[in-house]
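First comes one chain, alone, set out as C-alpha cells in the form predicted alone.
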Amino acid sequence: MTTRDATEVFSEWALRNRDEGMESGHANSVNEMLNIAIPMLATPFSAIDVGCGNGWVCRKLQSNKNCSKAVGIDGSIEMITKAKQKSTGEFHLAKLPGWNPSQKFDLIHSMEFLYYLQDPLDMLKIFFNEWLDDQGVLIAGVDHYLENTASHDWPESLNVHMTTLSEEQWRQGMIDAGFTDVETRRVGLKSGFVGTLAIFGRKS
C-alpha cells in the first residue's frame, strides 16, 4: 500500500472537525512549551508556528501582549482554510522543506510536525540558518519518539511516514544544527502517557 501524505490525512481530519480534538489534546503540552520558551525571549518577540493546524497556537500567541507578530504555516489546505476563518492572522499553505518565510523570527514553535519529514534533523538546520533570528529560540514537541513505545504503531495505523528518533538523537540533532543551551524535557505528563518530548535551544 502506498504511504499517504500526512497533509492529506490532516485535511480529512479538519473536514471532520478532528482538529478541535487535536487542539484540546495538545493544549497542556503546548502551554508548558510556551511557558519554557517565552521567558527565554527578549520583548517584543515575533513567532511562527510550524504545522499550525487550525491556527490555535497562533491565536494563543497573539493574545500575549509581548508578541508583536504570530505567523502560521501548514501543508494541509483544509487546516489553513480553518485557520483563516478563525483568525485575521497571517497563514501560509506550504509543504516543508522548500518554503522559507520572508523574515526571520524570535520564536519558532512546532507541535507534532517534525517527525513527518523524511529528514527532520536537516529541517532543524534550515530553521537555524534561515528562519531564526539571532538570540531566537526553537521549541518543538513530538509525541512519536523511540521512548514512547505506544506511538510505534502510528505510522502503520495511519499509513503515513514517520521518522522515529530517540530523545538523544533529537538532542544531538539540535546541537549539530548549531543550537546552544539545548535541552529536552517531557511535558504534558498524564496517566498512561510518557509525555510529549519537548526539544528546545537558542541561536546564540
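Just so you know, these numbers come straight off a predicted model, no measurement behind them. Position 1 is the first residue in the sequence shown; the rest follow in order.
This protein has a second form, the form predicted in complex with a small molecule, left out of what is shown; the following refers to that one.
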| property | result |
| --- | --- |
| Contact check for Ile38, Val182 and Lys203 against the small molecule in the predicted bound form, heavy atom at 4.5 Å | no |
| Interface residue in the predicted bound form among Trp170, Phe45, Tyr145, Trp56, criterion: non-hydrogen atom within 4.5 angstroms of the small molecule | Trp56 |
| Options 124-132, 100-108, 67-75, 81-89; stretch whose heavy atom lies within 4.5 Å of the small molecule in the predicted bound form | 67-75 |
| Contact flag, Cys52 vs the small molecule in the predicted bound form, heavy atom cut 4.5 Å | yes |
| The small molecule contact in the predicted bound form: Met22, any heavy atom under 4.5 Å | yes |
| The small molecule contact at Ala6 in the predicted bound form, heavy atom, 4.5 Å | yes |
